[in-house]
Structure formats: C-alpha cells, structure tokens
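Given as structure tokens, the chain that follows is alone and in the form predicted on its own.
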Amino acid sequence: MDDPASLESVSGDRVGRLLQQARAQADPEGFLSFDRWMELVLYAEGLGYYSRPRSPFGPTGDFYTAPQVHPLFAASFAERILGVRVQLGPERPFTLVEIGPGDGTLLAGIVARLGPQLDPGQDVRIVLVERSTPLRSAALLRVREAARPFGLRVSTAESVAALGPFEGVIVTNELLDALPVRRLRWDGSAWRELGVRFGPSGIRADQGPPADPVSGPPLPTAPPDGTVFEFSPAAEGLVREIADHLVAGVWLLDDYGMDEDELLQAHPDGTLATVRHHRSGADPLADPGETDLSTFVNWSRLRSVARAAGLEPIGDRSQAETLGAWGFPRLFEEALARAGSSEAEVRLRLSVKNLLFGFERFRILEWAPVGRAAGFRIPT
C-alpha cells in the first residue's frame, strides 16, 4: 500500500488522521492486530466508515440490506414481535431494541406495522442502540416519524447495558458481520495474529506475534498449515451483554455466516470482504475509512457463547424459512391485493424473489433466556 503521507494527499486529512491513530496504537514493531484496525477504519469517531455523513445504504451508497429491498421484510419482523408481546402479556412494560439500526429503515417499518396493533396507553418503548453519530441521527428521525401517530416513545441508548434489565425483543440485522474480528493464521505449530504493520515504506498486511490466549470456546486444533481463522470478541461480548439484560423475551438475529467446520473447509483463507460502490473486493487496506469491511459470522462459536451466557435457541433457520414461519406468505398476498397495477405487481414479485432467494447465506436465529423460552417457539 502507498505511504500514509501520499494517501493523505489523495484522500484528504481525514485518512491521514485515521492512519495516525492506527499508527499510535501499533506495538513498538509497528504491528496492529486486525480487530484494532477494523475497529478504527469502521468506527473511529468522525473518521471511520460508519462515521461519514454519507449513508452506506441504497443506490447512492455501497450496499443494500434486506429492509431496503421491500417493507414486507419489516412487516414480517413486526408480526413476530407482536406475537412475543402477546406472550409476555400486554399489561407488562415492553421494550423493543434494535442494535445497529443503521438509517432506521427496518425499525421504522416495524413500528409502522406494529403501532396500529397496540392499544393506546400500553407501556411500550422503542430504543435505538447505534454508535455512529450520523446514522443515529438519521435513524432517530425516521423512527420517531413512524412512531408519532401511535404515541410511542422513541429514544437512543449507548448500549444494551445502559437500559438495565428489561422484557421485550432485541433486533439485530446485518450487525455481527461488521463487528471487528481477530484474524489468526496457523503456522504449523501455533496460531499467529494477523493485522497491519507500519514501517518506513508505508503500511502493509502482515503476520504478527503468536496469538494471545482466547476466552470462550477453544480455537480449532492443528488445521492445515496456513489456515486463517476469524472470530469476533466484540460479537461474543454483545451476546453476553444481551444475556445479562434481557430478562424475558426474544433476540431476533439476522446475518450471514457458516458453522465453524464449514468455514474452515470452504474458506481456509478466511472470509474477509470489502465493498464500495456496490463492488466487492478483498484488500482491507484499500481506501481506509471509505470502504466497508465484513466477515462471515462463526455460528458455532456464537451458539456456544450464547448457551454459556444463559440464552437458549428457539429458532435457527434460513432467512426465507423464518420469514415464512412468521407469516410472510399472508403478508405477500395482502400486498398483492393492494398492488393496484400490473406494473406494481411485477415490482412486488421481483422484490419478494430477492428477499427469499437473494439472501441465501442468511440465517435468522431466535434466542431467549434459559427457562423463559416456553411459548415463544414457532413450530417448524
């Protein structure tokens, strides 16, 4: 990669300041682990990718997520959330939280569908947990607008922990794949940390020292030499935080990933990907702060961490299967009846095809506190 000074001259002071922060966090040999690099280039306040004024979503951004494809996605979530609300008891306080709501499209759609089905005066609060200042502002505006006709309270929080113990539903959609990951490479005898290294000639991807001890599930044992293994301590920490504060209710988690054995076999070089202007790549050093980074979720580790933290699975299916179980076919038929024209019907059918078949690697996991899951399961 080019020298940081030349990068600054091309992309402006923002990239220069971002690289300066990264260099300051490197060890004496100039090495910075990949999770620290990913944290900075995505989330550094005022500098990282998600801190930019420009939205990453939609045709003028870098990628689409399912909520941008069609409102039926949010409507399906609303149907599931309403079922949990009824099961918990409509007389009890209820909190609906989305962690990483982005620009608020999903949560606004959920609220618009959920609002008319709530009785006036019910103790319901809507909370956004979003660390990006620009996205938080956009999401809060959009969700408050959707909630206003129903008199629902909408607020933000710094974290799930800031809410204290609560009952309700937590939603995360395409969040965990964008949380910082450690990347390790097996050198034939030990796991070594991967990351970036600053030197006199610039910055480059490099291998660092032997990996520090890992908390949680053990690392794979003696894979083929050169195997790259990715996992997210940040995601695992979020699982534990949710388990500590969701007293009753369900966490609805939608993301893409694979089980650990499948990841090791199908992706021995890892799953790290970049995206910018709807084009994918693989260089994590390209255009820092201007390019999204993501990896597949390691479902095996996450399930293990969730069980140890006190969450039990009540659903674990593909996105298409889960939407079907939540009432998507009925919602689709209702939308067809309202289409109004053959052209609108064609657009609807194309959007639905994308939702059901364009997200084939996505799964929706549903977790509830151990001992409190009875009644929340939907039959397969």
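Keep in mind the model is a prediction, meaning the values are calculated, not measured. The first residue of the sequence shown is number 1, and the count goes up from there.
Absent from the display: the form predicted in complex with a small molecule. The rest refers to it.
- A residue is said to contact a partner when one of its heavy atoms sits within 4.5 Å of a partner heavy atom; residue 95 fails this definition for the small molecule in the predicted bound form, lying far away.
- Under a 4.5 angstroms non-hydrogen atom cutoff, the small molecule in the predicted bound form lacks residue 144 among its neighbouring residues.
- Although the partner is absent here, residue 130 lies within 4.5 Å of the small molecule in the predicted bound form, judged by heavy atoms.
- Residue 34 falls outside the set of residues with a heavy atom inside 4.5 Å of the small molecule in the predicted bound form.
- Proximity to the small molecule in the predicted bound form, taken as heavy atoms within 4.5 Å, picks out 171-179 from the listed stretches 171-179, 188-196, 303-311, 263-271.
- Only one of 351, 68, 55, 318 lies close to the small molecule in the predicted bound form, with a heavy atom inside 4.5 Å, and it is 68.
- With the partner omitted from this view, the residue of 135, 252, 72, 78 that lies near the small molecule in the predicted bound form is 135 [heavy atom within 4.5 Å].
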